[in-house]
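One chain comes next, on its own, written as structure tokens: the form predicted alone.
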């Protein structure tokens, strides 16, 4: 499943990878807020281009491209559903929703491509959230690519035995995919039991006070980026509230 390539960590020696995960998370929050307050094509397109620049700085363009290509079907569905659901400014609004989805996908791809699950867990625990919840969250993210690989392996095994998953009508296809779900569920239950035994063998939960091998430390560049990101977000929100943003940001590209 190629669209998951943009959400798998890749260890690389870049300045983006060396940033504190809390700094990168703040960047994600900033982009999420800005993408949600705009409903126009031009500002969302600018945000989308800036996420591409961040991914380029992280030297992760190849993985990001695979994700975007894999999500082309979802982008088409988003455009069509928005186009038929409103009566005015159909093209502008539909393109804006597609760009919003692309922006959010790209910025989360930027985060997960440059942040290890261990760093994410430390960042969550540093914010005061319980270690149990941080472990549950990071493990769910860590095993999404593994689940996709298991699914692909089972589907390939069934095809090699002559089962045509795409054959027949809609009901028949659903029945075909039940042959995929049963072994997948059984396999993941076995994996969860193995993980539970591994955690128990390592004494997880034996004590509330633990020490970590690696400790997160915010550097000067992290503080600078964080402050700049927060200031820009507050400034844009205030300018939008008081109608002081440039008028060309809200130009319509179509009358349909």
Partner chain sequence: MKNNEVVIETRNLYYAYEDEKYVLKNINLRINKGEIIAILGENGAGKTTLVKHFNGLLKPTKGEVFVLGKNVKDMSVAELSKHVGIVFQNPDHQLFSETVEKEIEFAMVNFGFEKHYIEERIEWALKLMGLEKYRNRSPYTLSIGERKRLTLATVLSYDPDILILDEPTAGQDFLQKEKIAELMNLLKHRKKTIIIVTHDIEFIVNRVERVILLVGGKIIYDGDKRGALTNYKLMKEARLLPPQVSQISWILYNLGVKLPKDILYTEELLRELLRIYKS
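Take the two forms, find the largest set of C-alpha atoms that superpose within 1.5 Å, and that set is the rigid core. Residue numbers count along the first chain shown, from 1. All values reported here derive from a predicted model rather than from experimental measurement.
What comes next is about the form predicted together with the partner chain, which is not displayed.
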Exercise. Can any non-hydrogen atom of residue 65 be found within 4.5 angstroms of the partner chain in the predicted complex?
Worked result: no
For this session: Decide whether residue 157 counts as a contact residue for the partner chain in the predicted complex under a heavy atom distance cut-off of 4.5 Å.
Result: yes
Exercise. Just to confirm, residue 190 within 4.5 Å of the partner chain in the predicted complex by heavy atoms?
Worked result: yes
Exercise. Does residue 118 reach the partner chain in the predicted complex, with heavy atoms at most 4.5 Å apart?
Worked result: no
For this session: Just one of 75 to 83, 108 to 116, 137 to 145, 174 to 182 has residues with a heavy atom within 4.5 Å of the partner chain in the predicted complex, so point it out.
Result: 174 to 182
Problem set entry | Exceeds or equals 2 Å, Cα of residue 127 between the shown form and the other one, core fit | no
Exercise. So with the core overlaid, does the Cα of residue 104 end up 2 Å or more away between the shown form and the other one?
Worked result: no
Exercise. So with the core overlaid, does the Cα of residue 116 end up 2 Å or more away between the shown form and the other one?
Worked result: no
